[in-house]
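The form predicted on its own is given below as one chain in structure tokens.
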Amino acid sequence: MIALKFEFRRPKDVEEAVRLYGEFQGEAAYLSGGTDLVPRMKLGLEKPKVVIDLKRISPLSTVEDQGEWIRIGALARIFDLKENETIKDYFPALKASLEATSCESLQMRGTIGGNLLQNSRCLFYNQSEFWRRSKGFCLKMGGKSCNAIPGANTCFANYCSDNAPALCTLSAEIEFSGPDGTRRLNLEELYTGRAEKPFKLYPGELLTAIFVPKKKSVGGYEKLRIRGAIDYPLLGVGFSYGNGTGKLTIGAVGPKPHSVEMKQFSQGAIQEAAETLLKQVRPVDNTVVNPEYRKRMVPVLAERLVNKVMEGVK
């Protein structure tokens, strides 16, 4: 049960949503599908004075062919996107990641924008307020050190988006609207690299759309998880290939995805790409499996995925 009292507003357009956010001097939260925000509010991790429900803003839910780009509204539902023929045909890595996201009942509620902007997670953070107070607040809660690695002054929470690694392999761009207008950037520019505050967002900014270059690709997504039916990724690996070039991306280990470009696909080249990614991550003991296992699974999933995708190219 949500004990917190808050106002609930339903703006008609983006401009009204941004204005409402400003009225409450930043003590507001945008609501898309709610599959990340509502559990966080129940745990006391979010305490907004107002929840701004975006679902009445219909342009945020559409998928549009713009010629060189496919524009995906940030409020497009995960379930609808995985059934979209253009995404099936052009972006198989994204489709695979959508299928791997949670379960169908949550896919019908969750949105791709919400999946991209979900907060980073940690066993020592995603707990009740009572639990967290008894343990002592960590860096992500304004404390002075990490609870997963006692004494560390770095947050190791994991960014668990399934769709972000797939979109990174497709060189997707994202668009925000805010008090200072609209800006568009490469998805990989979104991340700060700091898990306690993972996104480069200005106050009041609202994710409006994802743009994916309309280029035919082959690809896929592999996910390490405990429960096959529904789970956050403990490691997510995406790969897309087109026009002689591939891009391999891993996520769910640390605060952001990591990518490597590939132009050779011999077994040695695939192993080298996996090794390059492995050097960029530092799993720690803050999930339901030990860090050494997650680390060892990086090359296993990466090599399996690239081999499977490239076998289909021959």
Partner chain sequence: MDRLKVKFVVNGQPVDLNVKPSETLLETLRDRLELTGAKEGCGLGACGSCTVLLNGLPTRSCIVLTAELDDGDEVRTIEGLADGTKLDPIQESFMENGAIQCGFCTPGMVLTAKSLLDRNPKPSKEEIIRSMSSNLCRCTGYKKILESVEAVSSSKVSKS
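Positions refer to the first chain, counted from 1. All figures in this text were calculated on a predicted structure; none of them were measured in a lab.
Just so you know, the form predicted in complex with the partner chain exists too; it's not on screen, but the next bit is about it.
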Checklist entry - If we take heavy atoms and a 4.5 Å cut-off, which stretch out of 285-293, 262-270, 243-251, 52-60 is in contact with the partner chain in the model of the complex? => result 52-60
Checklist entry - Applying a 4.5 Å heavy atom distance criterion, does Phe79 contact the partner chain in the model of the complex? => result yes
Checklist entry - Cys103: heavy atom within 4.5 Å of the partner chain in the model of the complex? => result yes
Next on the checklist: Is Arg227 part of the interface with the partner chain in the model of the complex - any heavy atom within 4.5 Å?
Outcome noted: yes
Checklist entry - According to a 4.5 angstroms non-hydrogen atom cut-off, is Arg109 in contact with the partner chain in the model of the complex? => result yes
Checklist entry - Only one of Leu31, Ala274, Ala28, Ile70 has a non-hydrogen atom within 4.5 angstroms of the partner chain in the model of the complex; which is it? => result Leu31
